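Before any questions on how it binds or moves, here is one chain, the form predicted alone, in structure tokens.
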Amino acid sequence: MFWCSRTPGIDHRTFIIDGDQSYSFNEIFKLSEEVVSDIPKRSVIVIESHRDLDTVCTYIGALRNGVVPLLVDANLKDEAVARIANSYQAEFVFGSGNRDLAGYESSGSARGKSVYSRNDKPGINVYEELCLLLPTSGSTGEAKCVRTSYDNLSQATQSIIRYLEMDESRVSISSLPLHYTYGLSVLNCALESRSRFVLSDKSWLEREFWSTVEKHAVTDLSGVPFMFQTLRRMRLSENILKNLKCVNQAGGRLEPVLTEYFVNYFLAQDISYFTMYGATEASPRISYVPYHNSKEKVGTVGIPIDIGRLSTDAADGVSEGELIYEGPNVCLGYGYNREDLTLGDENNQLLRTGDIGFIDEDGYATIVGRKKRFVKVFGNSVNLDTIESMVRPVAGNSVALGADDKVLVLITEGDTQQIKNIILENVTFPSRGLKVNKVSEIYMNASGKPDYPRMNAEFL
């Protein structure tokens, strides 16, 4: 497994760069052992996740010692953290020093994190192959988690390493939260390829982030659509572009016009640009667009990774329908409580993605929407993702919400009547079913994706 030690020559190389301090793989492994030295194997620990050394060491220490980490957003309130911890009867919580967690008491500290121990010990042992728990809704504190096995995580990470052609010369950076499956995958890939990983808690909007990218000669950047919308309005320095080798976009659909822009921009600099598609349930990768076909296949999410197969549920397996992925990286299933952690593989390597799409003659998949993002408006089936695609070229950051007989589009800039006219020219439902409102902010979750549940609750 990639979190295990290898030869001394490799493991003495630099792994983590934290400010002006560098740590080798061996040093990180030693620190990680110290964190979990008193934690019994097969315990569950909830880790309050920051983009910092303490989180990295706690996570790696858990993997190396048979402890099951459950990563949560550090911004969750005490009640939400306690709800998740108690749902799984987690033996320990690694968090902030001022947490008030029902059912837990403070029992010391480790690597800068306060340790909270459960008052009553669970009598239920977890499945021996269970490796990792990640919440499906990282910013709301819901207990539902994806159950990932050791083999799931290892197989997916190794496949990603192969198509990104990563080796020890690469330098990645923590541009995404570590409790977010995509952000965690970037760390895992650095660990697998024995390359360097730079810690930063800054965003792409902050000058300090780009100063860090330039200072440490970062070669690999990973971002979600919102971040690329921001990057479109920025200018990267020659030094940054000189060092960059690979730019990856995942975490949702980027408008084809923006994808085409970045493909051309980075290829002109001899930088590989990858559009990628995945899910937490796939540990987390399903498909990618090879950089050498990025121009020809703009708008697609690519071909399946080399360990899997992608089809639709249509009769011919390629016409429009729900995308279905098969591979050894498909998770064991979901968990809601401690009893669920005793379960083995419920998915049998098959994942119904919930995405509607089709596959072309070259094997490239295109997503047209989510099953849950279709609503009926006066008898007409409306794809809210398609509505967003109509609006964003004109209004920029915007979202479409919907319910029966109602579509609501939220924009932060632009003329509401103009936007409404554009939509009505391209749909068949009556105008009374459409509203366009201007708001001060499009809510985003910690992963940089639109926070649809919050906006549905507030605006619909």
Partner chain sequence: MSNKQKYDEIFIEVFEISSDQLNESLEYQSIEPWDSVGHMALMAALEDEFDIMLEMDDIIDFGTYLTGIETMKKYGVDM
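Between two forms, the rigid core is the largest collection of C-alphas that superpose within 1.5 Å. Keep in mind it's a predicted model, so treat the numbers as computed, not measured. Residue numbers count along the first chain shown, from 1.
Form predicted in complex with its partner chain: not shown, discussed below.
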| said: Just to confirm, with a 4.5 Å cut-off on non-hydrogen atoms, which of 124, 234, 350, 102 contacts its partner chain in the predicted bound form? | reply: 234
| remark: Only hit among 106, 96, 75, 230 for heavy atom within 4.5 Å of its partner chain in the predicted bound form is 230
| task | Pick the stretch from 313 to 321, 158 to 166, 204 to 212, 355 to 363 whose residues have a heavy atom within 4.5 Å of its partner chain in the predicted bound form. | result | 204 to 212
| field | Non-hydrogen atom contact residue 30 with its partner chain in the predicted bound form at 4.5 angstroms | value | no
| Does its partner chain come within 4.5 Å of any heavy atom of residue 265 in the predicted bound form? | no
| residue 41 near its partner chain in the predicted bound form, any heavy atom under 4.5 Å? | no
| query | Is the gap between residue 393 and its partner chain in the predicted bound form 4.5 Å or less for some heavy atom pair? | reply | no
| Heavy atom within 4.5 Å of its partner chain in the predicted bound form - qualifying residues of 409 to 442 | 420, 424, 430, 431, 432, 435
| said: Please state whether residue 17 has a C-alpha shift of 2 Å or more between this form and the one not shown, with the rigid core used for the fit. | reply: no
| Core aligned, does the CA of residue 422 move at least 2 Å between this form and the one not shown? | yes
| query | Looking in the predicted bound form, are the Cα atoms of residue 406 and residue 370 closer together or farther apart than here, the change being 3 Å or more? | reply | closer
| request: Tell me whether residue 225 and residue 407 end up closer or farther apart in the predicted bound form, going by their C-alpha atoms; the shift is 3 Å or more. | output: closer
